[in-house]
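Form predicted on its own, single chain, as structure tokens, below.
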């Protein structure tokens, strides 16, 4: 049904309201002025969060989506404004985060003519989006907005880009803002699972004496945590998770083995090596948990549940798979599988847990693991934690256990430095009453630290811990272990005084230099209630993360402790 004319910009805002959008994260520019003007003229209830950089906007939207489970929205201008979102879009794409990215574009008659601030963002982002649109008429906007949210949130979630020429957002729109959606070519990959597959899985599980459940990000996105717990407790199976699967099963539960893989717990990796069956719920078997795929779980039969058929057989050939929603399939599976006697298996893993606990030295200099361990104890594991990428990320995954599937936010697939601070800001917007802590390295923090201004402007009660070892620590660890300590390109000499930097943004800062002061300084941070605050933690420069499975090696080749002095290690053959 046609309506009285409104501007394309107003149509966009009204359609976003119809989708229940609370926040738009973004940065203004000439090509999107009609949309920004509509924010004023419509008196919309949607709040716009002006960031300091378009990459920060995408990471904020990402953090908001991961912490709330809702799709997030980004709005930026054309050209460099649009291309600055590329890293954030890739990060969301790799981790299947629902996001709508609206970019401005030159007026339609000038597209392809190298107009001012023109970039072919439609094609540039094509490999890292679930879908892209270039809007050619104002009346297309309501339909495209509605389709975009549907595509971003159904099947396997992901980012959708909408490129809006300026004459389209400025033009008249008379289309029905609630027009029915017509997407005959899109059939989200949420097929009805085959009951026979579930029955066969149950039969295979019933014969297992050493079962292991592996929960990944797909389990988090489908909200399968209750079903996984019900299944694990019924069959008394230990549960390990991927980095992005943290919280899909409560890590404080006696059956939890924590994270597996390159820097997972020794007892989780031992369980993979010795189990007789792995039930993979929503993990894509990425290379960081497999080590050497040919050597992965050699004694086990492998069952794979995934919503995306393309993930089956991609890395591992399962004995049986089931394509479907993780929550629905797991719930059905729990109905058919009998209770199992796994006492000997659980006791064997308990011995590994006692023999190879996660640990760190309290002697010597200040340790990242010590700070994170104390933070976990002082907050009782309730905080929403966002990290950057590197050593601190792995220690956070090891020592900050999560019982909630939306409380540990990190860039898994893309490994994006600079993600932590803006993601934490987005999460704090989405969950204003929850304690939110950004744990970042000094390298990644300097890539997006300008977003301190955004946190301060909105007086967010955000806590930030900068693990300042003056190094790109994970790369240095690799160079030390596998390249005979020939460090290159990792010394961050010239770091600013982070407390003074925070002060320049109006953010309270604390220095932490001694192990004996950890609880005292963390306490000051947690008690601070006048907006964001930051700890600059001067941690040991050359501490290393263990356990470690060298890239390309089998999990059996896991290094639980540092190598002997003088021991020469082969260069890793796998990717990082």
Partner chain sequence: MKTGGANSREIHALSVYVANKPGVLARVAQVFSRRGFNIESLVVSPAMDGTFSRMTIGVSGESEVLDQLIRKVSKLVDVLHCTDHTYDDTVTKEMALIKLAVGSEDRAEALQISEHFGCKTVDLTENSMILMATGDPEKLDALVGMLSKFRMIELVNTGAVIMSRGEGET
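This structure is a prediction, so every number in the text was calculated from the model and none was measured. Positions refer to the first chain, counted from 1.
Omitted here: the form predicted in complex with its partner chain. The next part is about that form.
- Query: Is it true that 109, 115 and 172 each have at least one non-hydrogen atom within 4.5 Å of its partner chain in the predicted bound form?
  - Reply: Result no, not one residue of the spot touches its partner chain.
- Query: With its partner chain left out of view, which of 301, 223, 131, 431 would have a heavy atom within 4.5 Å of it in the predicted bound form?
  - Reply: Filtering the options by heavy-atom distance leaves 131.
- Item | One residue of 346, 119, 312, 273 in contact with its partner chain, assessed in the predicted bound form (non-hydrogen atom, 4.5 angstroms) | None of the others qualify; the residue that does is 312.
- Query: With a 4.5 Å heavy atom cut-off, would you call residue 126 a contact of its partner chain in the predicted bound form?
  - Reply: Yes, residue 126 sits close enough to its partner chain in the predicted bound form that at least one of its heavy atoms falls within 4.5 Å.
- Message: Residue-level contact is defined here as any heavy atom of the residue lying within 4.5 Å of its partner chain in the predicted bound form; does residue 491 satisfy this criterion?
- Response: So residue 491 does not count as contacting its partner chain.
- Query: Can any non-hydrogen atom of residue 505 be found within 4.5 angstroms of its partner chain in the predicted bound form?
  - Reply: Output for residue 505 is no: heavy atoms all beyond 4.5 Å of its partner chain.
- Query: Within a 4.5 Å heavy atom cut-off, is residue 151 in contact with its partner chain in the predicted bound form?
  - Reply: Contact check for residue 151: yes, within 4.5 Å of its partner chain in the predicted bound form.
- Task: Please name which of the stretches 180-188, 404-412, 336-344, 198-206 has residues with heavy atoms lying within 4.5 Å of its partner chain in the predicted bound form.
- Result: Heavy atoms within 4.5 Å of its partner chain in the predicted bound form occur in 180-188.
- Message: For a quick check, can you give me the residues of 153-179 that have a heavy atom within 4.5 Å of its partner chain in the predicted bound form?
- Response: Result: 156 alone.
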